[in-house]
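Only one chain comes next, encoded as structure tokens, the form predicted on its own.
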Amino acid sequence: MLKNLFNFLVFPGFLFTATLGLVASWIDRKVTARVQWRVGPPWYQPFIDMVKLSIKEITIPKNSSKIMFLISPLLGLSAVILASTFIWLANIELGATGFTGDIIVVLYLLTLPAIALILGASSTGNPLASVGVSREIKLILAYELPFIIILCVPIIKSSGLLRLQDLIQYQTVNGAILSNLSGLLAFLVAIFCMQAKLGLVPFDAGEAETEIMAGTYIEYSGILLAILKLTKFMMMVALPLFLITVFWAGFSIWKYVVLLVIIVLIRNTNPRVRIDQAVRFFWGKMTALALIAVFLAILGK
């Protein structure tokens, strides 16, 4: 019991993943600043930002559903903590943890932060938040379809393994899933889905500060806003780690750095797309590539 609590709250759960997420957000901001010929913030700036937000006053909209408004950020944070704990344990305690079907549970948990944000923003009654909610719902419907399809590739290649640790062990013996054509195509689709799940440019229409004044985040302040931002930063750790586990034979630092660099490059080299363009992109090109990858996996390619 104490070990499980330690895993969830300290290592490799909340504190460990939150720290890595804040460092990852600093790297993102620093690289973005250098691309724009700015100096960028010091390494400790994300930590200071969390402290400053946490001590600010919480403002609750007058006509909001107060319970939903307050609970939603905690729901999203809890989901990403659980997901990251499952994924980390699968990588660092081979043979000791996990259960059959945990890949499906993690997939569900990684979807909950976006759903929690939708619930919280829709409870505020703010019209700009409603626009952000509408966009966020459409975006989820768009990227979740190809994301679920491409997860069939490692399951097919491994003859039906549904346990994260089993997938790592399979790849240790047989090579990484992405080392073949079907796995490579699936991994490519997964990268774009990851960018959308993180809500980063070019798929940040739900937030879009220059258009709808932060959209889904507009009514949040104080520690609630800090929790929402921390959840997003932790997703910058959990999502790449999930893809590395499923497609790339398990975690190593250089693999995570590669994915983090890709995230930053995509963010800094693309303009924001309209929500209809995002839906067409995921339901069109990405879904087609995902289906091709599954077909090739069935053929053993």
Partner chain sequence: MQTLLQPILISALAGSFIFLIPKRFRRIIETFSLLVALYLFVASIKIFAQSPINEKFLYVDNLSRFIVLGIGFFGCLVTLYSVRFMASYKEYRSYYSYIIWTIGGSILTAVSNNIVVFLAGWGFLGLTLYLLINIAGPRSAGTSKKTFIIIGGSDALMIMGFGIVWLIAGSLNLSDIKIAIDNSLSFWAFLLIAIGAFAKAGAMPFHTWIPDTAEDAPITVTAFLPASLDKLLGIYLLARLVLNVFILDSFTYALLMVVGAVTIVAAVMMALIQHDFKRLLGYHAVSQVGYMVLGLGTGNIIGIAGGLFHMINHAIYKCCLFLSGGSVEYKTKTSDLDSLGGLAKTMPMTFFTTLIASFAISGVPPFNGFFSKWMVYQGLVERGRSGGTLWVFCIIAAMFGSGLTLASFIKLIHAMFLGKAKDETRPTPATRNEVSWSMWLPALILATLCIIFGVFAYIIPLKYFIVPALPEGLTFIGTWPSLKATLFLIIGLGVGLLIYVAGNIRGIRETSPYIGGEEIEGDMRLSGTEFYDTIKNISILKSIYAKAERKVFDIYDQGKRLVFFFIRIFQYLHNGVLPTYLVWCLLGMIVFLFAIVR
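In this text, all values refer to a predicted model and were calculated from it rather than measured experimentally. Residue numbers count along the first chain shown, from 1.
One more form of this protein should be noted, the form predicted in complex with its partner chain, which is absent from this view; the next part is about it.
S182 falls outside the set of residues with a heavy atom inside 4.5 Å of its partner chain in the predicted bound form.
When contacts are judged by a 4.5 Å heavy atom cut-off, P202 does not count as touching its partner chain in the predicted bound form. Heavy atoms of F11 never reach within 4.5 Å of its partner chain in the predicted bound form, leaving it off the interface. Contact check for M68: a non-hydrogen atom falls within 4.5 Å of its partner chain in the predicted bound form. The contact with its partner chain in the predicted bound form, taken as any heavy atom within 4.5 Å, belongs to I137 out of A208, I191, I137, L89. With the partner removed from view, the residue among I48, V261, V39, I55 that has a non-hydrogen atom within 4.5 Å of its partner chain in the predicted bound form turns out to be I55. Using a 4.5 Å heavy atom cutoff, none of V23, I177 and P271 lies near its partner chain in the predicted bound form.
Residues from 145 to 174 that approach its partner chain in the predicted bound form with a non-hydrogen atom closer than or equal to 4.5 Å are L145, I148, I149, C152, I155, I156, S159, G160, L161, L162, R163, in the order they occur in the chain.
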